[in-house]
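Taking the form predicted alone, here's one chain by itself in structure tokens.
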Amino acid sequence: MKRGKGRNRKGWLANAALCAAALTVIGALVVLPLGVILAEAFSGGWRLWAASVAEPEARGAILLTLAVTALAVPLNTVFGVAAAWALAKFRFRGRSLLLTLVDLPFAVSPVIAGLIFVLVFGRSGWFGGWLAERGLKVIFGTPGIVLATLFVTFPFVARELIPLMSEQGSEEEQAALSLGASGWKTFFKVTLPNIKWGLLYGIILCNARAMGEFGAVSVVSGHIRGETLTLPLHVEVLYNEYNFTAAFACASLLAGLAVVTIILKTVVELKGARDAA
């Protein structure tokens, strides 16, 4: 009995030490920076915070960020579901290549991705002359920001759905098709209900990354104030100009987005686990 009690006590102490270490790391890397951002953002009071956020350039950055996200997330949702469907439900030549392309944005630095878009669509790039002749502007414009955001956020929906759809198999879809259901009806009545929580989880992560993307967008935007500055880039400009209060005020919006993302992610995980049980 004594040996059992000793082992239980040692196990409890080990668990407590691991929990304390984890909480310390989380506090130092997550909670403390978040607290500093909020403290600095509201150091001048609510009125100064509101004035910093409502300033015309800040409003323009917020609207551009929302517009880019509103384009990138739905497109990546469609692309992600289609890619996951193909990779999880079928075996075909080139499947490994498609899977590699889905993972490519995880392996390539966002800055390098931005440079690639500049080399392809820039004024001296492969298609730059052709675009300039037709008065089309991709790099240093909103289209370039959308393309860069699409690239870096592409894997999130697909990567959430591929293992889920692979585990579920295709038996239910085959049964629906054998009973006379059309392809679209099978998708909406059978496939979509089975993947709804994984899909929502991927959309939440994709949305958070789209709003917070910095590296690739920084390269293709040109940092044109009032035109191509997203909210993260606007924060950088304010900070470099030593306008710290305004910078932290705008950064607090991104911090709030992170908190909301974590809450939504937790809710989706709990609902998904409850449905699975």
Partner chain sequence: MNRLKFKQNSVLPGFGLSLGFTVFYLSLIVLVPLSALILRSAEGGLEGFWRTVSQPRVLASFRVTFASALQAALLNVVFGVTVAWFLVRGRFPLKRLVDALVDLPFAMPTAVSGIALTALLAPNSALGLALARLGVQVAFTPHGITVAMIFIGLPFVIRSVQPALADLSAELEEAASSLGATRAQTLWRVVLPLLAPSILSGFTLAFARALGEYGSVVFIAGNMPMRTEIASLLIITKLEQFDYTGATAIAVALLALSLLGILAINLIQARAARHWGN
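Keep in mind that what you see is a predicted model, and the values were worked out from it rather than measured. Numbering follows the first chain given and starts at 1.
Heads up, the form predicted together with the partner chain isn't pictured, but that's what we're talking about next.
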With a 4.5 Å heavy atom cut-off, would you call Ala58 a contact of the partner chain in the predicted bound form?
no
State yes or no: in the predicted bound form, is some non-hydrogen atom of Ala255 no more than 4.5 angstroms from a non-hydrogen atom of the partner chain?
yes
Taking 4.5 angstroms as the cut-off for heavy atoms, does Trp130 touch the partner chain in the predicted bound form?
no
Looking in the predicted bound form, any heavy atom of Phe42 within 4.5 Å of the partner chain?
no
Using a 4.5 Å heavy atom cutoff, which residues in 165 to 200 contact the partner chain in the predicted bound form? It's fine if the answer is none.
Glu167, Ser170, Glu173, Gln174, Leu177, Gly183, Trp184
